[in-house]
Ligand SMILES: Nc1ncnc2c1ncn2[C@@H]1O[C@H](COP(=O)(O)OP(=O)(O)O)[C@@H](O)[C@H]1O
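A lone chain, given as structure tokens: the form predicted on its own.
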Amino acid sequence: MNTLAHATGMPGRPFEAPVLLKEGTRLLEPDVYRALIRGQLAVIKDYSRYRRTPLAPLARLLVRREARALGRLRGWAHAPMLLGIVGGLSLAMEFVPGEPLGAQRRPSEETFRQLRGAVAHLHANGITHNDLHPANVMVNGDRVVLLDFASALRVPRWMRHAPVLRELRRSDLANAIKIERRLTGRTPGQFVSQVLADPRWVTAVRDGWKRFYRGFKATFGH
């Protein structure tokens, strides 16, 4: 349902001229709009279709988690600026023009350098992104911006050497390297290949999560 378009012009709603960029089709995947908020071009991640459903608390949690992550990164060039939460189920953020990294024909070495540096900056501040892929990396001229922090995790300093957290950092780095390998065709060296390889326990946990998600979706996805 085009919830923002239906809300256009209603008192108390700040959205103007919404344009659907992506329709959420998977479980707990938001509709994504480009819209004007008080004259400023913005992106809206809208979970409103879950209002008055059993999944509404989870949708609200996703909105709040991403808002907190963007709030901590306010002023950082490699994340969109947070504009706010609307109605509990919609997240508004800066619209970043450009194109996804995966759509670029010949990404520059500077683009990959910024991507690696952005991942290193997150990790140095105790944050893991946990969903790096080409569609979540926007290139705007010489600016690289990471998108979709709904899965991001920040932990206190005393927890940062826990095995699970080390694995999340390794996974972020591995995903950044995989993106570069996919778009350039370069074969990684032996050390990088070791970084890319998943430990057995990670494979087991991932397979268990996939089974859980399939069961969850079968129960609540309709």
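These figures come from a predicted structure and were not determined experimentally. Don't overthink the numbering: it's just position in the shown sequence, from 1.
The next section is about a form of this same protein that is not shown, the form predicted together with this ligand.
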Looking at heavy atoms inside 4.5 Å, which stretch does this ligand contact in the model of the complex, given the options 48 to 56, 25 to 33, 179 to 187, 163 to 171?
25 to 33
4.5 Å heavy atom contact, residue 107 to this ligand in the model of the complex
no
4.5 angstroms heavy atom contact with this ligand in the model of the complex for residue 43:
yes
Might residue 138 be said to contact this ligand in the model of the complex, defining contact as any heavy atom within 4.5 Å?
yes
At 4.5 Å between heavy atoms, is residue 115 in contact with this ligand in the model of the complex?
no
Which of these residues, 83, 147, 127, 73, gets a heavy atom within 4.5 Å of this ligand in the model of the complex?
147
With this ligand left out of view, which of 119, 89, 93, 152 would have a heavy atom within 4.5 Å of it in the model of the complex?
93
